[in-house]
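Shown here is one chain on its own, the form predicted alone, set out as structure tokens.
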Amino acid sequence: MIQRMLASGLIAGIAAGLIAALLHFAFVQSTILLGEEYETGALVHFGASGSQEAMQGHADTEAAAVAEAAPEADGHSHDAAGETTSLERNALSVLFMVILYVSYGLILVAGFGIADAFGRKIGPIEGLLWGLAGFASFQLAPAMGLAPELPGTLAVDLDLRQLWWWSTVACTGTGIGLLAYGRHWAAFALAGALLALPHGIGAPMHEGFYGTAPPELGALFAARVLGAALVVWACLGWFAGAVWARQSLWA
């Protein structure tokens, strides 16, 4: 069983991590690089006030920054201090994505093992559903209180955010599991309570909203992060379920 779990988690995690890296470079990295321009002060955001000419010039500056960020994502140099290159940064991003989704994959197949012990058969379709549940637990539900943070966005204390994030993941995952496999009204009632609990308590928040990056850029970043995560989690679940089922046939 342990060997089966390790093989399924590693294979699915590596495949999903590579897909995540591809989506990151295609949709997310340009918004991060632009956010860093605001964070360092190279670009300055101002509200809706100002002349039409100034706003048009600001828009042209943003467009130029995005255009400059595009070739950097392909491996050219990018670092104010010149200590790291964009190629090294991209390689570390790929490595991080693979490690992250291998970890998620191992958590997912651990759930497969528990389900298998209770006589539940897991295949690609079931794995896909588990992957979507993982997305809801690890990405969507926490994002309802703590949205993905663009560089240049201020945040509250890290310990408070991590405590709320992990509590939300645990409550959401358990609630979805009870909804999927519960057989009594009490299980469904408990599931509803667990799903609502972290949001009833509320995520740690600032008293006001402020930051150096434009809110439109932050919204675009959050939307792209969640959209990419949905695709990757679906792929992770499908791959893990397919490998799990294939190994079941070999056993």
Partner chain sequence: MTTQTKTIDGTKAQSALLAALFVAVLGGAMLFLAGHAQSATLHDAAHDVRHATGFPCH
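From a predicted model like this one, the values you see are computed outputs, not experimental measurements. Residue numbers count along the first chain shown, from 1.
As for the form predicted together with its partner chain, it is not shown, yet the points below apply to it.
Please identify the residue among Ile125, Leu106, Leu132, Leu179 with any heavy atom within 4.5 Å of its partner chain in the model of the complex. Answer to the contact question: Leu106.
Can any non-hydrogen atom of Thr174 be found within 4.5 angstroms of its partner chain in the model of the complex? Output for Thr174 is no: heavy atoms all beyond 4.5 Å of its partner chain.
Would you please decide whether Met144 lies within 4.5 angstroms of its partner chain in the model of the complex, comparing each non-hydrogen atom pair? Judged by the heavy-atom cut-off of 4.5 Å, Met144 is well away from its partner chain in the model of the complex.
So in the model of the complex, does Ile99 come within 4.5 Å of its partner chain, heavy atom to heavy atom? Judged by the heavy-atom cut-off of 4.5 Å, Ile99 is in contact with its partner chain in the model of the complex.
Partner proximity in the model of the complex: Leu6 to its partner chain, non-hydrogen atom cutoff 4.5 Å: Although its partner chain is absent here, Leu6 would touch it in the model of the complex, with heavy atoms inside 4.5 Å.
Can we say Thr168, Val231 and Trp238 each have a non-hydrogen atom within 4.5 Å of its partner chain in the model of the complex? So, no: the whole triplet misses its partner chain.
Using a 4.5 Å cut-off on heavy atoms, what residues in 152-183 are near its partner chain in the model of the complex? Going through 152-183 in order - heavy atoms within 4.5 Å of its partner chain in the model of the complex - the hits are Leu158, Arg161, Gln162, Trp165, Trp166.
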